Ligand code: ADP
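Shown below, as C-alpha cells, is a lone chain in the form predicted alone; questions about how it binds or moves come after it.
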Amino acid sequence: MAEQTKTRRKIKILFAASEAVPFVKTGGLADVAGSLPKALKAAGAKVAVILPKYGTIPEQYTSKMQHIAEFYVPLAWRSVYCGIDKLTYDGVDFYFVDNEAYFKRDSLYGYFDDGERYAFFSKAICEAIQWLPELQCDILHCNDWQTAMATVFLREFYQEVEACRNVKTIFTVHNVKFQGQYSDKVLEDILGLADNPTAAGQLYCDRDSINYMKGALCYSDIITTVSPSYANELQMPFYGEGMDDIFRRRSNVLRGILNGIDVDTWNPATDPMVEVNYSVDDLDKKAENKRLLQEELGLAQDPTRPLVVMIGRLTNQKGLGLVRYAMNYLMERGVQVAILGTGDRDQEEAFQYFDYTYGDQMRAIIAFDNALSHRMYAGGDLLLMPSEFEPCGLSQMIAMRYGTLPVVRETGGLQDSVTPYNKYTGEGTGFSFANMNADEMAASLLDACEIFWTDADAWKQLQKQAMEADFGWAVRAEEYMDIYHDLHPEIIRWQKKKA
C-alpha cells in the first residue's frame, strides 16, 4: 500500500446545527453553534456553519443574506426544493437551508412533521457538500437529533460521490433526552431506507419506532458530548435514556469536552446591560448591582442578606422540587431568593405562590428577559443549580464570571466546572452537594451563606477565584482540533506564524 501523502493546510469543518446565536435560539446548542466555530477558526481551521433558514430569523440578518445556490433534494419519493443563502457574521461563514414550507413557521420545533423537516435538512447538508465547492469538507460535525440523519445519509447514499467519500463525521450529544423518535413508516416514506436492512436495523429503537439519534450514534466516526462527566453518565441506565448500551459499546470513540461561554458577551467589566461595571480588581462595585437589583425586584435592600438567584427553564430536570421543599426553611434563615424563567405550569405556579407568600424575601419573574438575566448574574451573591442531570450547563460558568458563586449538584458539567470550596485550603469556585436530597441541598446552600455572613475575606477570595476561572472557547477548540486531526492524520496541523 502506497504511503499516504501528507499536506499542510487548514482542516475544513462543516458545522451543522438546528440553531445558532444570534440568528435563532431555544437552548444551549445555539450558544455553542454561535461561539465554537469562531474559536475553531482562530485555532487554525477553515469553518462553515449550516442551519435552517427559519422564518423567525430577524430581518436585520435575512436582509444581508446572499442567495448562492438552489437545487432539489431527493427525499424518498419526493424531490424537494432547497435554496442556499450565505451570510458572513463575526468572521464566520453561515449557510442557511431555505425551504419555506418546512422552515417559515412561528417557532423552531414541535410540529407534526418535524421528522420530515429535519430529515430534509440532513439530506440537504449532504447535497450541499456534493454540489457546493465552498461547503466541501474534511469533517462534518453534526449536533443533536435534528442533524443526526446526515451521518447516516452520507454513508448510505453518497459514498460514490467524490466530494463525500472521505468526509469523516462527528456527532455531538447536547441532551440525550431529545432523540427524534418517529413511526417506522418514515423509513420508506421519508428516509428512503426501507430496503436497506443494515441502515434500518441501526435506526429501530423498538418494534415500530425509528430513532434519528440512534442512527448517528451508530454511524458517526466519533461521538462527543458536552462534558467529561456527562460522557460517563451516558453509559449508565439512569442517564442514558435507553441509549446507554450504545454509549457503552462505542465508549472507545466517545469523548466529553466541556462547553465554553462567550467571554466577550459575559464580561462584567464591559457588559452594557449591567448597571455598574466591575472586574476582579474592583470587586467592591458588585455590591451596588446587588442593591439596584433588590430595588428593581422589590426585595428588602439589605446587604447582609445573601441573595440567591436561579436563572433558566423551570422544569423538573432543574431540581426545582428540592427548592420547593426547602423554601420555607431558607426563608426562615433570612435568605433572599430571586427566580427568572419560564417552563412547566406547575413550577411557575409554585414559585408565584412563594412570591406572594414571602413578600420582600422572594421574587419569581415568570418571563424570558435577557437583560434582566445579566443584572441578576451581576447582582446575585449565589446561583442555585440543583439539577437532576445537566449535560453541561452554562449558567454556573456565567455566574462565576460575574463573581456570583454557584451552589450545584455534582452531576454532568456542573461537577466538571465548579470546584467545591475547601475551608482548610481556601481552594474552590463554588459549593456542591452529591444527592438529590432537599436537606442536603439546603445544608450546602446555608454553608455558603455562613461564609458570606462570617468570613468576608474568604468570600471575596472565592469570588476572585471564580472570576479568574477560564471558561472561554479557546481551550475547548484545541480539544476539538485534536479530534479532527486524529481523524485526518494526512493533514498536518496549520499553525499561525508568531509575529
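Numbers for residues come from their place in the sequence shown, where the first is 1. This is a predicted model, so every value here is computed, not measured.
Beyond what is shown, the protein has a form predicted together with the named molecule; the following relates to that form.
*Asks:* Within 4.5 Å, heavy atoms only, one stretch in 370-378, 84-92, 189-197, 298-306 touches the named molecule in the predicted bound form. Which?
*Replies:* In the other structure, the partner sits against 370-378.
*Asks:* Check, residue by residue, if Gly28, Gly341 and Met385 all come within 4.5 Å of the named molecule in the predicted bound form, counting heavy atoms only.
*Replies:* Every residue of the spot touches the named molecule in the predicted bound form.
*Asks:* Scan Arg313, Lys168, Lys104, Arg291 and let me know which has any heavy atom within 4.5 Å of the named molecule in the predicted bound form.
*Replies:* Partner contact (heavy atom, 4.5 Å) among the options: Arg313.
*Asks:* The named molecule isn't shown here, but in the predicted bound form which of Ile398, Met213, Leu254, Cys137 has a heavy atom within 4.5 Å of it?
*Replies:* The residue from Ile398, Met213, Leu254, Cys137 that makes the contact is Ile398.
*Asks:* So, Lys318 and the named molecule: in the predicted bound form, are they within 4.5 Å at any heavy atom pair?
*Replies:* Lys318: contacts the named molecule in the predicted bound form.
*Asks:* Closest heavy atom of Leu394 to the named molecule in the predicted bound form, within 4.5 Å or not?
*Replies:* Output for Leu394 is yes: heavy atoms within 4.5 Å of the named molecule.
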